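Presented below, as structure tokens, is a lone chain in the form predicted alone.
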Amino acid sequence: MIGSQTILILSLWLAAAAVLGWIVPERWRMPVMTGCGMGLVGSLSPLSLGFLLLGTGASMMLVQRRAGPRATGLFVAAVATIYAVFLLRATALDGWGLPAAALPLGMAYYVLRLVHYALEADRGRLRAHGLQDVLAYQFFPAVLFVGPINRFDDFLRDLRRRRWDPELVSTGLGRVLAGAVKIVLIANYLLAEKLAPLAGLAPGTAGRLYADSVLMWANLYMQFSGYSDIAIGLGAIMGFRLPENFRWPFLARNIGDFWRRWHITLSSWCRDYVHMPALARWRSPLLATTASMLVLGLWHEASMHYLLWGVYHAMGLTIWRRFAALTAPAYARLGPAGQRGWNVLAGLLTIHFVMFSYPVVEAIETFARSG
């Protein structure tokens, strides 16, 4: 739960960025918004401010000196290693009786932006830009702590075209309100306070497990998509069109479709910077999918639990692809009515596969410990 003091600090800095970003002279608008982003990070996590400043400066130095793939690879490895060390301290060492430390605020998101910028710049895929543009991107206040993981070129395009747009601002305010309703009313009040106690009334152990899984995923979706809505709305208020992060994931017809709808910007980051390079190197969809899902799992937490969770989803994706290829001719012969029925059944199986991911992994861990 976010403390009231943290909420106040967040609100003040974000409000300052949204207002000052429009009322100061045009040439000062982005420097002021960048300064608000720095102030926001520094107020809540000076360590994050220092690391992000160093990472941004180092990545920009690589670009200016045209350091090449080897130096870029070393930079990416260094950023990933530092993140892994902090993640281990935050999530794994405590279980070994060693002192744990919280992950620096926002680090899970800005390390992905640092890697994205460094790799795309090395590949020559970014339009001309300067240090001020990179600082504005890395310290953009709306996405610092909860994403979505926006891409530099998209940000730069909006930065160059940024103009006051009452319709965009109005849309942004609506998204912020929708996100707040999801988090406060639906997730925290309805699901957590009113419906969660009813899960214990479900008949039998299996019934309670099922009810808990449904409520957990509903709450997770409402919380996460709500924060994404607020971030996207704030971005719109500030004049930027941030990418969508959720598109009705529980309407997915298969597990591949689910990952194109759930945490979209993280899934696409893993596709571009893990799956595709792994596929090009190993020529194995199974290995590439496994690598991608393991990275996605470990991004959440450095633990055996999330390693197994990544393997679980990698197996699901691999089995689904082979099943889809084998059944494609039969699906084509079903006709419209049969295909609709097939899609409904496939959607239900997908939802349950996702919902049971945590219980299955926990059961495997329990079995391993008992053995």
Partner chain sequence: MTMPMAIESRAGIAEAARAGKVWIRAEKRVVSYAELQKRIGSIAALAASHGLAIGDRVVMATRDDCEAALLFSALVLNGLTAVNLEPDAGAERAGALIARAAPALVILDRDIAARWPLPAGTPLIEIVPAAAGGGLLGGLLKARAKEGLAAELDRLGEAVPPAVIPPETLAYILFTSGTTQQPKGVCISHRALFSHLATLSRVQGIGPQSAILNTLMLSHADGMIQGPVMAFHAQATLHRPLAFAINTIEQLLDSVYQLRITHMIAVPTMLALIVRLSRNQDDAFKGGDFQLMISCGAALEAALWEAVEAKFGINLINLYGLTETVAGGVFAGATLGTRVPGSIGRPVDCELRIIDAEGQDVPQGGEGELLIRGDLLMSGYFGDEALTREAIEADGWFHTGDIATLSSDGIYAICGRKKNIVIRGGLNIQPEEVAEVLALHPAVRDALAFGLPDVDWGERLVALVAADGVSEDELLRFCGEKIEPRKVPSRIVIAAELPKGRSGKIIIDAARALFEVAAEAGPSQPAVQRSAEREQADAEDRLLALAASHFRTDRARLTLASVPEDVIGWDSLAHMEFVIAIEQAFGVSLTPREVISIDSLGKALALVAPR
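Numbering follows the first chain given and starts at 1. Bear in mind the structure is a predicted one, so any value in this text is a computation, not a measurement.
The form predicted in complex with the partner chain is left out here; the points below concern that form.
- Checking 182, 263, 116, 275 against the partner chain in the predicted complex, a heavy atom within 4.5 Å turns up for just one residue: 275.
- The closest heavy atom approach of residue 229 to the partner chain in the predicted complex falls outside 4.5 Å.
- Remark: residue 305 does not count among the residues lining the partner chain in the predicted complex, judged by a heavy atom distance of 4.5 Å or less.
- A residue is said to contact a partner when one of its heavy atoms sits within 4.5 Å of a partner heavy atom; residue 285 meets this definition for the partner chain in the predicted complex.
- Mapping the unseen interface onto this chain, residue 279 counts among the residues with a heavy atom inside 4.5 Å of the partner chain in the predicted complex.
- None of 106-114, 121-129, 242-250, 142-150 except one has non-hydrogen atoms within 4.5 angstroms of the partner chain in the predicted complex; the exception is 121-129.
- Contacts of stretch 311-342 with the partner chain in the predicted complex, defined by any heavy atom lying within 4.5 Å, are made by 321 alone.
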